[in-house]
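Single chain ahead, written as structure tokens, the form predicted alone.
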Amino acid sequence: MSARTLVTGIGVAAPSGLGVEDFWAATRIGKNAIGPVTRFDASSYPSRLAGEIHGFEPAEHLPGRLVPQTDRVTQLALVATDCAFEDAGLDPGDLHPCDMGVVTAAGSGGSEFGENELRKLWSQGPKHVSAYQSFAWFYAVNTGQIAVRNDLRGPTGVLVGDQAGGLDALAQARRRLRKGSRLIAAGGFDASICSLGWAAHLAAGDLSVSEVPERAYLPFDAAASGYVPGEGGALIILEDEEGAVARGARDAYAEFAGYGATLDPRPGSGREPGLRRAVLAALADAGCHPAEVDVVFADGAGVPRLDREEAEAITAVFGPLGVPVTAPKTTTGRIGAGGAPVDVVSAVLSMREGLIPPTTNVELSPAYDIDLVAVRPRTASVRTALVLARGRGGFNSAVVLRALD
């Protein structure tokens, strides 16, 4: 039997907080972080709300030479990685570089950096375009920069699957651990709150056009009319149990116990979406019965059709009102590839405190037979958590996290 995969360190950069403690202090009470866009002039766009990270100054956290080379998304990823290693009680130099790797998920890459350089190209000419444009815009840049900054020379990779990609990256990390690596840093990040990134969000057709921050992103609510974008993500240190014990790791947060992934059938096929099968696969992988699950962190699309599909999948596995369900991302917006890793962080902190964070602002529609933790947090013994994520294009992923004895 394979050794357990443990979550030994976490780092987070989210609209609700930069760093684990600030993030959790806001998330546990459902403090709203959605507001008017400030990172660019969105006055001419139909959607003008976002979950932004305010007060982040990259020069306060990173070497000066790195700042002009990197997009905001990479800067956030690097800072979260620093926090995760510190949280794990580990300096990357403590292990052999080839024993450590990194796998991240991304959706849009360095949108803002790319937009700025394209503007220089159009207005000033090619000689004014930064040489760093060659990689700063690329969706794999976070993996590369994390690996270089921390001297991680083991397996590396990047996955692209929208929200689902963040869970897929964690699963890929577990595969690499089972093949002999001692530590993999894994997670996901997105930060596309710029005019170029906004155009991409609008083209997808599911952005909320509400101008009221508290009523804009409402998964499982009868008034649901789309999502609000957010920025940031989380980086998680995963180690096999034997290696973590050997290096004298501090208390781990949880076990990464199970994973499942599916693709939806083609539209019009008449077949059910793949989310239920992904949940069952993750539970089977973890050797976990549905009755053992204490909370589900939902994908929470905020789009009526997708909300209905997710609620039906949860009900099919757990029964009507069979398990507490929460979607704390209503306070931050959907963070793309970073959203599910942030939910994983919320799940392990929920286990630590014995408290399920609320789905802020949402009034549950009677059309859904789910036990939604809304309005206020709920005290509960959380020993097993299920995190769900769905991505544009039909991606479905599910992860089971289990508390350690």
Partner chain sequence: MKGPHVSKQEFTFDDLKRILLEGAGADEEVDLDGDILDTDFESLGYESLALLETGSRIEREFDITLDDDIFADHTTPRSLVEAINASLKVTVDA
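Residue numbers count along the first chain shown, from 1. All of these numbers come straight from a predicted model, not from anything done at the bench.
Not pictured, yet referred to below: the form predicted together with the partner chain.
Novice: Flag this candidate site as yes only if 180, 250 and 256 all have a heavy atom within 4.5 Å of the partner chain in the predicted bound form; otherwise mark no.
Specialist: No: none of 180, 250 and 256 comes within 4.5 Å of the partner chain in the predicted bound form.
Novice: Could you tell me if residue 64 has a non-hydrogen atom within 4.5 Å of the partner chain in the predicted bound form?
Specialist: Within the cut-off, so yes.
Novice: Taking the shortest heavy atom distance, is residue 323 within 4.5 Å of the partner chain in the predicted bound form?
Specialist: Although the partner chain is absent here, residue 323 would stay clear of it in the predicted bound form, with no heavy atoms inside 4.5 Å.
Novice: May I ask you to state whether residue 128 is within 4.5 Å of the partner chain in the predicted bound form, using heavy atom distances?
Specialist: Although the partner chain is absent here, residue 128 would touch it in the predicted bound form, with heavy atoms inside 4.5 Å.
Novice: Heavy atoms within 4.5 Å of the partner chain in the predicted bound form: does residue 138 have any?
Specialist: Close contact is absent here: in the predicted bound form, residue 138 is far from the partner chain, nothing within 4.5 Å, heavy atoms only.
Novice: Out of the stretches listed (24-32, 364-372, 42-50, 65-73), which one is close to the partner chain in the predicted bound form, meaning heavy atoms within 4.5 Å?
Specialist: Among the listed stretches, the partner-contacting one is 65-73.
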